[in-house]
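The form predicted on its own is given below as one chain in structure tokens.
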């Protein structure tokens, strides 16, 4: 089918509703009798819960339900289910949820939180991911502070012969780049509403960017399993048996318009809490994060520490690249191992380098979990590789445009992960970009194409 919109101004299908205020978001769903949810968060960054008494909170008039880790059938979720819904014993970051309350209004819920008796034996935290890699650093997790990719503490890519590449090089250029943490700061904060339905079913209104993944995670938290005899599903009993009797297919997970996400809503932040409270109380429950909560405790882009060592010929060709990239993960894995993989799989940028050795590390700290942000690790990688390209060009007294023309991928080139490229147009793109921005290229660059290397190359 021929696309008829390329090169034309096309109205967004939802644009008019946005600007007129007619768009409905998750927080716009009004259900009579909805309870307000508030959560007691850890006041310290690291420590062991020594005592937790919720009896006074449960006795506050207007409080419908209070839940702790004992009420969670399976208290672990995430891409690697290492993150507790509610902390049972060890706190790993300031702001980590410990107790959730559902009450008739916000003031009542806050009053109930204030009556909870919480005692934590504080321990020494570690906040810097480079410091966390040191042998004597405080332990974020019992198994250590560096995420294991199988049996290795790093994800690795090897291509060609890195030692031979450096021997071939005329110049070695090495630099370190730091990319800071970034917060998505979307307009819509985290919000979730869970509504018990007739017949024991449950509807959840979510801000999720990944509803199918999060629905699967929610079933895991509720421990919905398949009965090999009847084909039915059920929730395993535990604690107060929250949601006992729910069957697979009983949760109606309703997404829709996301009021800004940018990767910040690829992780489940609130749906598991509202679901558990709604199932226990039998009433609709809504948890709307405050702006302060959203900025402090939602996921963010973790910071990076990237070292690039390049072996370069005098004519400008990169013949060897060694990279060490270190990603801050926060207290839990979330999507960070996947983000590290994306980063090192693309550590050469758009450039053909015949000899590559990349290692990516994912390091835990006592900070809220980092996770995805637009680019999934590619943005920091692009920042580092492009600044490195300019530095190499400057070192060789070479025009940065010519340096890039010499090194960008052509048709038939192999990436560092072994993929063969067959539809490359990088040279043509740069030629067009130069024309559009008023850059005059020499004829030899204008005559180049992305045809296979060895043809009209320089």
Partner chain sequence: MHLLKLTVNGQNYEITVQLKTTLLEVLRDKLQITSPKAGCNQGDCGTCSVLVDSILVKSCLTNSLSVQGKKIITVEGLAKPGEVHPLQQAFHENYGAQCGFCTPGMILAAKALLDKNPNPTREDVKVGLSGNLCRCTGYTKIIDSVIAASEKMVTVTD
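Residue numbers count along the first chain shown, from 1. Just so we're on the same page, rigid core means the largest C-alpha set that superposes within 1.5 Å between forms. Only a predicted model underlies this, so the values are computations on that prediction, with no experimental measurement involved.
Below, we turn to the form predicted in complex with its partner chain, even though it does not appear here.
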Heavy atoms, 4.5 Å, its partner chain in the predicted complex: which of 284-292, 70-78, 164-172, 308-316 makes the cut? Say which one.
284-292
Under a 4.5 Å heavy atom criterion, is residue 188 part of the interface with its partner chain in the predicted complex?
yes
Should residue 144 be classed as touching its partner chain in the predicted complex when contacts are defined as heavy atoms within 4.5 Å?
no
With a 4.5 Å heavy atom cut-off, would you call residue 223 a contact of its partner chain in the predicted complex?
no
Proximity of residue 276 to its partner chain in the predicted complex, heavy atoms at 4.5 Å:
no
Site check 55, 61 and 194: each within 4.5 Å of its partner chain in the predicted complex by heavy atom:
no
Could you pull out the residues of 12-45 that have any heavy atom within 4.5 Å of its partner chain in the predicted complex?
12, 15, 16, 18, 19, 20, 21, 23, 24, 25, 27, 28, 30, 32
Core-aligned C-alpha movement of residue 19 between this form and the one not shown, 2 Å or more:
yes
Indicate whether residue 440 shows a C-alpha shift of 2 Å or more between this form and the one not shown, with the rigid core used for the fit.
no
